[in-house]
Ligand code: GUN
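Here you get one chain, nothing else, as structure tokens; it is the form predicted on its own.
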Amino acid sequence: MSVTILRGRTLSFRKLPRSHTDEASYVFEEDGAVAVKGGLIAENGSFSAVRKQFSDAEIIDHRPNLIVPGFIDTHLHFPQVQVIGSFGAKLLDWLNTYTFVEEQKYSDAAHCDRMATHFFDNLLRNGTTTAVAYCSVHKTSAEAYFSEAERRNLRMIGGKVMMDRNAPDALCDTPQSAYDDSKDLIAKWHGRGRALYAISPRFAITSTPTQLEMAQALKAEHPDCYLQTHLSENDAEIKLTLELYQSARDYLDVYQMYDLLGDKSLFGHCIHLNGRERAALARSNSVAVFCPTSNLFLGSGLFDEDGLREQGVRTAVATDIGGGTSYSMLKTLDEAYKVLQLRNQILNPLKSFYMMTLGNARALQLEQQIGTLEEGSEADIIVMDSRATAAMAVRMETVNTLSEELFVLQTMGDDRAVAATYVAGKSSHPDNG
């Protein structure tokens, strides 16, 4: 089996950086190399050492660019490819005016297939090699999502939305059909190749108690699947949820009543949490997902990253396309920095790159497979060009440290800064793969 060596300046994280000078949190090689064999990382280190071990390997020289693990996006919506940038609404109005209209198109398999091509092209252009996505209520959308991901050999997580009320009739399933369709999709796709399934009740407003019971049954029957839903994104959402579930102590308690918390449960947004909810998330090892661009775009609120971590809540970060306004994890962390500035919290650039790679991999319990350049990891790798634009190039003339360079990428970079994308070791950028 042939070996390919990617040469460049390599960066991979070991742990959460505590400051922008925390050199113990990462491994960096100025003249580094990653050897790829059979879709896995066979070795990494200095170029001289890796070259000596694999003397017959093909060498792809990416110097002076930065080689890092592929980015991981933990919350976004596949059917919202054509919803991004829709003007002027808060969450609930935005769903009814734009999202629910668009998602009805996903009953058509041809439309799903076309949008899946655009969706994954956009992810790979932006260096995202793993994502956790909501499909629409239609089984066809999940089939298109997983089929296109399989064609590209991507490690992707997703699931058909479960939604049986407070939406157009064309977007409503039933508790039983949601269970049956999800069960069929799990049987077909979960663990097939690089695919993993997420049981996906959209949120409490669009699921009846009976449907949440079905989600509970699916989670109990398939404990190795993920569960994803939304939590405490918007004040009006919280108010309506508590009107629908009047016995609940708070929003999170709706999901607790149906045993939907756990170490593979991903709760999008988590902005307006009370103390009891924070403690319950921490005790259950659930994940609170930070979606900065959508939180700002929809005027939802400011995520408390430091506060949640200090209280023992696991966190992740995500684009939340299409309430989110960019597929780029770089732009997402740029907005995260600004959100946390408003909270008097500092997001250092090392932590940003940790969150996009190893941090999100740990949130998904996939750090043995993705998120690092360690030997044995799946070879999902991207190459970052810190001088991709004229403005970045002139800014880089004054950069003296790795941390400063990462901050330039985070604040000024976008898809143009992704010079190459490798999926399981294969060049996979849609424009230059």
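Numbering starts at 1 and runs along the sequence shown. A quick note: this is a predicted structure, and the numbers were derived from the prediction, not measured.
Here the subject shifts to the form predicted together with the named molecule, a form of this protein not shown in this document.
Looking at the named molecule in the predicted bound form, residues His230, Glu233 and Asp320 each place a heavy atom within 4.5 Å of it. Proximity to the named molecule in the predicted bound form, taken as heavy atoms within 4.5 Å, picks out 75-83 from the listed stretches 166-174, 75-83, 274-282, 339-347. When the named molecule is considered in the predicted bound form, His269 lines it closely, a heavy atom lying within 4.5 Å. The closest non-hydrogen atom of Ser294 lies within 4.5 Å of the named molecule in the predicted bound form. A residue is said to contact a partner when one of its heavy atoms sits within 4.5 Å of a partner heavy atom; Leu95 meets this definition for the named molecule in the predicted bound form. In the predicted bound form, no heavy atom of Cys225 sits within 4.5 Å of the named molecule. Put simply, of Leu298, Ile238, Leu308, Val254 only one has a heavy atom within 4.5 Å of the named molecule in the predicted bound form, and it is Leu298. Between the named molecule and the residues Phe203, Tyr258, Tyr179, Tyr354, the one pair within 4.5 Å by heavy atoms in the predicted bound form involves Phe203.
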